[in-house]
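Before any questions on binding or motion, here is one chain by itself as structure tokens, the form predicted on its own.
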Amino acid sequence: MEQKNISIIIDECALIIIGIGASGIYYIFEKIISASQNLTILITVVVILLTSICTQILLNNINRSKAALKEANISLEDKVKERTVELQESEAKYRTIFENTGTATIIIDEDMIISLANSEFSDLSGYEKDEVENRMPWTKFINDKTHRKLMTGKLLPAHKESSNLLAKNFECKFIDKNNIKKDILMTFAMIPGIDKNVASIADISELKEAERQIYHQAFHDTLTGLPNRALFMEHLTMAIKRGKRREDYFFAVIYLDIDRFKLINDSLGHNVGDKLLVAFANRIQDLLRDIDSLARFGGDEFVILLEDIEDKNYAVIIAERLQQSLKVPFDISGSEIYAPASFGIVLNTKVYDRPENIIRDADAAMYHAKEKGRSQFKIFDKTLHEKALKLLQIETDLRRAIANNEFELYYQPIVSLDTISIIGFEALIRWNHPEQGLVFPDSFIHVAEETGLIIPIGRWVLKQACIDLRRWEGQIKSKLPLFMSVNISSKQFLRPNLIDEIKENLDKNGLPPDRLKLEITETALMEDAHETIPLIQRLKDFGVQIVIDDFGTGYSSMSYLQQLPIDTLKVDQSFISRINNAHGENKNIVETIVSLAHKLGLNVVAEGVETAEQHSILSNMKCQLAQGFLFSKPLEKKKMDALIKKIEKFSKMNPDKRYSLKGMLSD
């Protein structure tokens, strides 16, 4: 309607202009040409005709323009309608996307007010949309720490005039309507062309909780909840750094483990052992300050970091207090269990630069405390460090010795007390050290056991002993078959392929299984009884004989012997050496052992026999076998070969006569 009115006004204005123009032309011609009335009339007619023609032409053009304008207006209206529909569809599409993004999303005005929020945001915040939109700033929902960072301008995207339109991500705490804090990941992006930002908010509370659990598991012991080795070493590293910065800062480290914890596990089960570890850790923790750290390194090993101590003796006081507390038994599943511990203490921590060196020395001090008799503590000093270095050197030399074949076997004859003839041998290892000469096993076997080197060493001993026995048993013509006794550690004994190795060596040398006797100490047998007893039974079934070495020095009860599938008891030389003393106490002990062995159908070997009187006493006790300097000291293989040849020669020349071992050795 409005366009039609405009068209009428335009037409009327055009006619007025034409009329005025025609009148003007007529007036000019009338003034110029006034001589003839007829000419005037002619000119008038011509002007009127020209005016009419021009008017018609102008009107036609105007009508065409009006038609074109009308058509353009119609086309424009159609395009506006189409564009309006497109915009409505686009708005509906983006509103649908905005509403269904899967994350809480808001549109933020330049003044920080939330102008639009989706349902996810309502669910996350606890507010209805009409409570939020155009009413609340988005900063209401973030914690103070994030708000302070916001003020620096580093969290939000760049200003509109900047060419950097990348979104910005940051994590923060979200505070909902109920003042509950949640971990969120917030993504900010500018909306091009307007002074608004869009922000999406992802609730990552579960992810952060899982991350915290993973971190806790990575740096804490799963059983006790205490810091583990990795976290403790971080704390210890920081303590060393503080000690370097501050002259008045001192700290100490205590390394401890439960004495004979393996026996508790073996006798009462691992479930009880785990409960004991938890109770043990709680009791230790209760006696420490909040600034101190207690960590579990694994098994029954714990480490304490005493921080910022004024007096170095404080560590000693704590150690004494802890040991006093550990004298009280633990109530585990209705059972009273004593769990004393040995402690190693490092006091002079200022001299250390590396945390692992402190742990190494505290551990060394703890083992020294165990050597003193357990349930004690030892302060690390230079002597212990030198001892540790010596042990390390022994380990290094042992590895070289294995590679260079520096070991050899000495053999001590085992004789029948009735005939004083050789019926077996004990293989004794010696180390031909390139610098120290001949080294006896007491100086290196414990290191070999601790480092696991006893396995290859023991394998070599077994192989060589079987080879030598096979050669000698064919030379000595004895009514009884010769046997070989080989000492074996608990680590060797518990190897799953031990029987296969034994069978392989016996088969290679054509030896029956009963020619081999394995000697294991009473202590090693009892400490791993639940594992060793089944293995002993398997060895017995195979035919190998079992000897309990150093019997009487351990802690097993004699009544327990009847449950063990063993063949021989070897009485320790500490008893044999004193069976002829004035009091006769040791004589009674040995006599009891021999009598008990006979009742159980076991043989008895007396080791360390050095005098004729000891020989006589043992013979009267009906002790069957013996070894010692009275008969022969351990001989290197060459000398044993020579002895065997003498015996062989004597037996051939005197088939009905017994040889004298002493005589053979004295020739």
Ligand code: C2E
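So that there is no doubt, residue numbering starts at 1 and follows the sequence shown. Source: prediction; values computed, not measured. Heads up, when I say rigid core I mean the largest set of C-alphas that superpose within 1.5 Å between the two forms.
Below: the form predicted together with this ligand, not depicted.
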Original post:
Which of these residues, 395, 266, 519, 591, gets a heavy atom within 4.5 Å of this ligand in the predicted bound form?
Top reply: 519
Original post:
Which one, 416, 586, 487, 105, lies within 4.5 Å of this ligand in the predicted bound form by heavy atoms?
Top reply: 487
Original post:
Taking the shortest heavy atom distance, is residue 349 within 4.5 Å of this ligand in the predicted bound form?
Top reply: no
Original post:
Contact between residue 435 and this ligand in the predicted bound form at 4.5 Å, heavy atoms?
Top reply: no
Original post:
Is there a heavy atom of residue 549 no more than 4.5 Å from a heavy atom of this ligand in the predicted bound form?
Top reply: yes
Original post:
Does this ligand come within 4.5 Å of any heavy atom of residue 429 in the predicted bound form?
Top reply: yes
Subject >> Partner-proximal stretch of 637-645, 57-65, 624-632, 596-604 relative to this ligand in the predicted bound form, 4.5 angstroms, heavy atom >> reply: 624-632
**OP:** Verify the flagged residues 441, 492 and 608 against this ligand in the predicted bound form: is each one within 4.5 Å by a non-hydrogen atom?
**Re:** yes
Subject >> Heavy atom within 4.5 Å of this ligand in the predicted bound form - qualifying residues of 408-425 >> reply: 412
Original post:
If you line up the core, does residue 636 shift 2 angstroms or more at its C-alpha between the shown form and the other one?
Top reply: no
